[in-house]
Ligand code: SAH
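Here we start with a single chain on its own, the form predicted on its own, put down as structure tokens.
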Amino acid sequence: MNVDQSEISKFSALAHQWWCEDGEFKTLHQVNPLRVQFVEECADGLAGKNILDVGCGGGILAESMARKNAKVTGIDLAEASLKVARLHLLESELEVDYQCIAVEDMAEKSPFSFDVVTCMEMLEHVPDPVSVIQACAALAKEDSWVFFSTLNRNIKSYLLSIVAAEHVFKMIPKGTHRYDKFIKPSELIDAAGKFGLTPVKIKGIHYNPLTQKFSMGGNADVNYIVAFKKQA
């Protein structure tokens, strides 16, 4: 299976923190509205759409899309995170179908099933990111949308996402990222193109330590998100 057990263990140990907005996943809560807005604008609305969130964790993004009246399925291999996600539905009173299944297995089971597929901050945590890209493409319907967010691989990204974020500002737990797992936009676009995905829009995601706020812009030097359209 395309999984790094150490990554599963790492996120499982932090599972109780998923919905603590000032805890270990604070940055995910802060950046989530920007991601939802980007997906919604590209996909021309989310209401009524059948959406798959790959690597959904505790359900931060999945719930936000369900709140937009989308039909959302969230998949992850960390059962501890999924338990937290399911419990949180009791509080939010939303509907999300959470499943503990690998994206590759999901692609075999339900190909061409989703209007939107999102895969945020996951590619840099698996042994074979191309396998995940291929599976996400297979799960998307023709003329639908696939979104990936990940980290660029360069010295600036290393300094900001690892040295600054993990060690200086302590925004995220130490050891969250490995620089050798970072993916350049050109590498992501080339891999996605082999499976019928055409890039439509790319945005950088930036953090201002003075205002402690995230924003989106054209610079994809560090964290970035790409919207792909699956060719009909």
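As the structure is a computational prediction, the values presented were derived from the model and not from experiment. The first residue of the shown sequence is 1; numbering continues from there.
In what follows, reference is made to the form predicted together with the named molecule, a form of this protein that is not presented.
Although the named molecule is absent from this view, report whether F214 comes within 4.5 Å of it in the predicted bound form, heavy atoms only.
-> F214: no, not in contact with the named molecule in the predicted bound form.
Could you tell me if I8 has a non-hydrogen atom within 4.5 Å of the named molecule in the predicted bound form?
-> It does: once the named molecule is placed as it appears in the predicted bound form, I8 has a heavy atom within 4.5 Å of it.
Using the partner position in the predicted bound form, report whether D115 sits within 4.5 Å of the named molecule, counting heavy atoms only.
-> Outside the cut-off, so no.
For P185, is any heavy atom within 4.5 Å of the named molecule in the predicted bound form, or not?
-> Result no; P185 lies far from the named molecule in the predicted bound form.
Residue (of A70, L197, I60, V39) lying close to the named molecule in the predicted bound form, criterion heavy atoms within 4.5 Å = For this set of options, the contacting one is I60.
Check each of A191, L28, L46, I205 and return the one that places a heavy atom within 4.5 angstroms of the named molecule in the predicted bound form.
-> Among A191, L28, L46, I205, a heavy atom within 4.5 Å of the named molecule in the predicted bound form occurs only for L28.
So which stretch, 90-98, 77-85, 153-161, 133-141, is the one near the named molecule in the predicted bound form (non-hydrogen atoms, 4.5 Å)?
-> Comparing against the named molecule in the predicted bound form, the contact stretch is 77-85.
If you check in the predicted bound form, do P111, V146 and K229 all have a non-hydrogen atom within 4.5 Å of the named molecule?
-> No, none of P111, V146 and K229 comes within 4.5 Å of the named molecule in the predicted bound form.
Check each residue of 121-151 against the named molecule in the predicted bound form and list those with a heavy atom within 4.5 Å, in sequence order.
-> Heavy-atom contacts to the named molecule in the predicted bound form: E121, M122, H125, V126.
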